[in-house]
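Only one chain is included here, represented as structure tokens and corresponding to the form predicted alone.
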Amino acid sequence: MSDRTAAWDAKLYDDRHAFVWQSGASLVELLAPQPGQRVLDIGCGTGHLSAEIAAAGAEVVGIDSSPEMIDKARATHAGVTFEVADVREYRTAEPFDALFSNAVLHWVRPPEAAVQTMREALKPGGRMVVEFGGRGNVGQIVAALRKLQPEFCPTATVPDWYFPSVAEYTSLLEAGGLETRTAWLFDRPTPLKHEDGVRHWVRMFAPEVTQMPSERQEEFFARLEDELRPQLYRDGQWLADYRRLRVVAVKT
């Protein structure tokens, strides 16, 4: 769903970062899918939340720009439709009653392209329920990566994620013909599995920054952990300093 060039590791995503989709369970409850409704899951990843929505009786189409993620979704969740597609370009001949997206839209630039797709994909009066990184998301991790990147990997850049404020995003929706019903920004400090949790987070979500000679990687990660330990290491466990933006809107 983004300009990211590195392939997604679907196995690592499910093994070490299941919290991404598990934290979306309450978002599915907010969506409240009904039997017979058509629902588009934008950035479905390995399809776990698409399957939960389908279990409520809805007809679900899950899209993701990663062939690796879609392959895993198809292998794991028979009976749900999955397609390789970029939200910026996706179009459908049959509009949806609702659309859903968890932890994806911060990867999408320009965000206006995603808003246009969401509006065009919905029936009049159709609803969207989305959550993604909001203003200040992973601020400590990003600051540490930007501090170390010039020394260890000067040709790389830290991903240019889109982390908007409530006002910024709801204004964007309004301009695109989507009326916000509720929107809130909240902290969600998120435990990372295992002692090397920060390392796996970076390898999963910011692999560009690790493109350096293998003999320098241990020094890089040790320095990164030193930078983050005072803020993000608690009781023997790493945390990611997540801030999430959750929005419910309808097509006007």
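All residue numbers refer to positions in the sequence shown, first residue = 1. Computed from a predicted model, the values in this text were never measured in an experiment.
Although it is not shown, the form predicted in complex with benzoic acid (BEZ) is what the next lines describe.
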item	value
Position in contact with benzoic acid (BEZ) when the complex is considered in the model of the complex, options 133, 126, 176, 111, heavy atoms within 4.5 Å	133
The unique member of 153, 144, 103, 85 whose heavy atoms fall within 4.5 Å of benzoic acid (BEZ) in the model of the complex	103
Contact test in the model of the complex: residue 90 vs benzoic acid (BEZ), heavy atoms, 4.5 Å	no
Residue contact check: residue 205 to benzoic acid (BEZ) in the model of the complex, 4.5 Å heavy atom	yes
Proximity of residue 238 to benzoic acid (BEZ) in the model of the complex, heavy atoms at 4.5 Å	no
Contact flag, residue 201 vs benzoic acid (BEZ) in the model of the complex, heavy atom cut 4.5 Å	yes
Stretch in contact, per heavy atom within 4.5 angstroms of benzoic acid (BEZ) in the model of the complex, of 72 to 80, 133 to 141, 111 to 119, 176 to 184	133 to 141
Stretch 234 to 251: residues contacting benzoic acid (BEZ) in the model of the complex, 4.5 Å heavy atom cut-off	242, 244
